[in-house]
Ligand SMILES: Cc1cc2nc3c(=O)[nH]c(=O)nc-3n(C[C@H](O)[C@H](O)[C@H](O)COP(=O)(O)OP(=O)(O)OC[C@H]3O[C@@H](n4cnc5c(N)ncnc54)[C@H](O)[C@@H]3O)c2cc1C
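Here you get one chain, nothing else, as structure tokens; it is the form predicted on its own.
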């Protein structure tokens, strides 16, 4: 078998903006619901799906699914580096058994799988999907956030939605699902700021060779953030997927599910986003954030570098003013 050369990048064949016609599917998806349809397609062929989910300890791990109920755990963005475990080996075993495999992950995880398998692009029973990736934060910081939320709320964390769309796709928020209900507050939101401000992305993310339009995957999925500029009538604030097809296998798979979507074909100029052009730059305060974390822990770091600290100061000032007024 021919190894896929890292310098031999595939071409971009077609690009689409996509919205699933089933609003229930789209409401549960981060953007337009394309991944759900791909899962249904591959499972319908007797195949298996690999993706990222939370385990019981709220770590993000890669896992194998053979039903849509199991695939449901993969839905929704997870802004953490996943633990691959034995998934690469299991993918190889499934392929050797002749099963169709859908593997989804970050661009580097897809490249790692292809390197592990020593396979060229022309593989009939492997379909790979990567993400328009901003970068992945340290799992250590995510574990610290989980512990912080559980201690502050005096409740166990059961699930976490990094992109809850209940207030609209453009105003998606972090929601922590505790054993006594779902919450979204300044404590939960601190991780969103840590991620968005690039305080704790892995150092390798800032020099990522896959932050470009051409990828090693068959299909690239992401949010189509340019929809409001280019096609405002297509934007209903409920999520639109960006679909970039890189290979004949990817195009064939998408053609098999395209009847489930409202689609607009895009030009390259209409789809470009920062992660499709260059790696995410580090925050100028990255080193200071990590110093604060190592010296005082997670809460000390977010108190200094996110609005969590400002809101706490405002709340303390209001409580002090109320006590003085009442005395």
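Because the structure is predicted, anything quoted here is derived from the model rather than measured. Positions refer to the first chain, counted from 1.
What comes next is about the form predicted in complex with the named molecule, which does not appear here.
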query	finding
Interface residue in the predicted complex among 125, 106, 185, 198, criterion: non-hydrogen atom within 4.5 angstroms of the named molecule	106
Interface residue in the predicted complex among 65, 266, 60, 263, criterion: non-hydrogen atom within 4.5 angstroms of the named molecule	60
Non-hydrogen atom contact residue 241 with the named molecule in the predicted complex at 4.5 angstroms	yes
Non-hydrogen atom contact residue 150 with the named molecule in the predicted complex at 4.5 angstroms	no
Non-hydrogen atom contact residue 230 with the named molecule in the predicted complex at 4.5 angstroms	no
Any non-hydrogen atom of residue 282 within 4.5 angstroms of the named molecule in the predicted complex	no
Three-residue site 213, 270 and 277 fully in contact with the named molecule in the predicted complex at 4.5 Å by heavy atom	no
Residue stretch of 152-160, 252-260, 176-184, 135-143 approaching the named molecule in the predicted complex, non-hydrogen atom distance within 4.5 Å	135-143
Stretch 42-57: residues contacting the named molecule in the predicted complex, 4.5 Å heavy atom cut-off	51, 52
